[in-house]
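Take a look at this one chain, the form predicted on its own, written out in structure tokens.
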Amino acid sequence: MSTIWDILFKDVITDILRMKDKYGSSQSGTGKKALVEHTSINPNASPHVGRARNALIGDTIVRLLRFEGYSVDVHYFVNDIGKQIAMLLLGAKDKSNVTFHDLLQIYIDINNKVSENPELEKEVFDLLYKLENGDENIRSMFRKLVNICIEGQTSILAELDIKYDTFDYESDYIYSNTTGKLLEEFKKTGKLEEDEEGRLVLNQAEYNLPMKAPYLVLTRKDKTSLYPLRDIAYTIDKVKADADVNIIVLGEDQKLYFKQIASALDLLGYKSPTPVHYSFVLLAEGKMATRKGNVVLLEDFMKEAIAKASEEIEKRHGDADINTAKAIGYGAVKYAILRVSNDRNVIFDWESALSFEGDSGPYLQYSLARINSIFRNYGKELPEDIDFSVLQDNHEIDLILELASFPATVKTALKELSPHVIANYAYGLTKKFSVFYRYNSVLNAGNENLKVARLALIAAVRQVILNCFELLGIQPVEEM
């Protein structure tokens, strides 16, 4: 007579092995559209490690949505027109053949020059004025420099398997006079005012925002637009795309700013996107910034990850394959960042991130490699008819309950837009597999029925770990 445990083992394992990479998905997004904007780094230099958290959280949310069946359009807002870009252009104007890797030093140098010679700011604002008033030569120079940076930034992120569908240029909202038309819309609300400096500002007093002066500044005194005006215009476009889900990933330092933008949208009758705010990535040096050059560049960080992963592999195997080193190094970085809830700072250190034991990416990859090794030693396909009633050990029960909870975990992660839910689940599953394997032999299980039942159980564990890796953007490693 079957027990509830027999039925649970059979149903869950059969479902996992049948559904494979679809197990865990309720397909709640079938026939629906999602729009996700993430990363959107200022195109003025190579990104630092802190910016990677935006991209990694955004990418995991995209993967969750696609796993659930949504058609997802991933947007990158190219901030190609602000003061920072004008400063970069000023710094690069006498240089030829500027490359992506030149930009950070150019940016640092021009910041220092402007600090020492404040009169240079006039040249910066002259460039912006010409840009906004139709100077085609200046527009071409801006776009060329910005595209060098965007291509460099996105190639670094593509190395981490993070990709984008749509690039939206901030400057297009000026060239099309969308910003001018938007100002007219705000005038009709009676909330657009000119302050004592001659700037156009939006009075947001009715929204009770936590700020001393309840004004959102939309233009400079010469009436050239500021970023918030262009951002509102862009966000309205995203809202008009009529996606079922509309998400933006922003640092926690942008919380007040986002409330201001959401209030401005509400004034015009638009619903704002759903924000996902995240805290910072901290190293021993503390918070990272670009302006003064005291940064850890993501590109250098990735190289360090490969080098350190190679060292660990060489300790174990004598030599290191570059693709394996990349998989382990990048996986370690991704997991170390994604396992922390969005609202907490990530305190990153290499020793724990690259550990093959404990709560780390390599530990998860090693668990998967161990299961792969068991199946290589088994050397054949599992039989179709398996007696699951022989699975009665408490460690086996712990594993099946964990596997059965994966669909609910996915649902929670998507509802909360929290990648750490998946990361923590993956760690919990691999821990339970490790305990099971310590106390229960698989290939030497004592009898054939128990052996194949346990093989089916760990095949299901392998598949769910793979599904977690796909959601987190971590590459599996066949052998470690």
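Throughout, we count residues from 1 along the sequence that is shown. Predicted model, so just to flag it, every value in this text is computed and none were measured. For the two forms, the rigid core is made up of the largest set of C-alpha atoms that agree within 1.5 Å on superposition.
The same protein also has a form predicted together with the RNA, omitted here; what follows describes it.
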* Structure fact -> TL;DR on 236 to 244, 219 to 227, 158 to 166, 397 to 405: the one with heavy atoms within 4.5 Å of the RNA in the predicted complex is 219 to 227
* Structure fact -> None of 271, 113, 95, 376 but one has a heavy atom within 4.5 Å of the RNA in the predicted complex; the exception is 376
* **Contact residue in the predicted complex, from 345, 177, 189, 105 (heavy atom within 4.5 Å of the RNA)** => 345
* With a 4.5 Å heavy atom cut-off, would you call residue 256 a contact of the RNA in the predicted complex? -> yes
* Asked: Using 4.5 Å between non-hydrogen atoms, is residue 232 touching the RNA in the predicted complex?
  -> no
* Do residue 82 and the RNA share at least one heavy atom pair within 4.5 Å in the predicted complex? -> yes
* Does the RNA come within 4.5 Å of any heavy atom of residue 362 in the predicted complex? -> yes
* Within 413 to 443, the residues that have a heavy atom no more than 4.5 Å from the RNA in the predicted complex -> 420, 424, 427, 431, 434, 435, 437, 438, 439, 440, 441, 442, 443
* Asked: Can we say the CA of residue 172 moves by at least 2 Å between this form and the one not shown when the core is superposed?
  -> no
* Asked: Does residue 317 count as moved between this form and the one not shown, where moved means a C-alpha shift of 2 angstroms or more after fitting the rigid core?
  -> yes
* Cα of residue 357 displaced 2 Å or more between this form and the one not shown, core superposed? -> yes
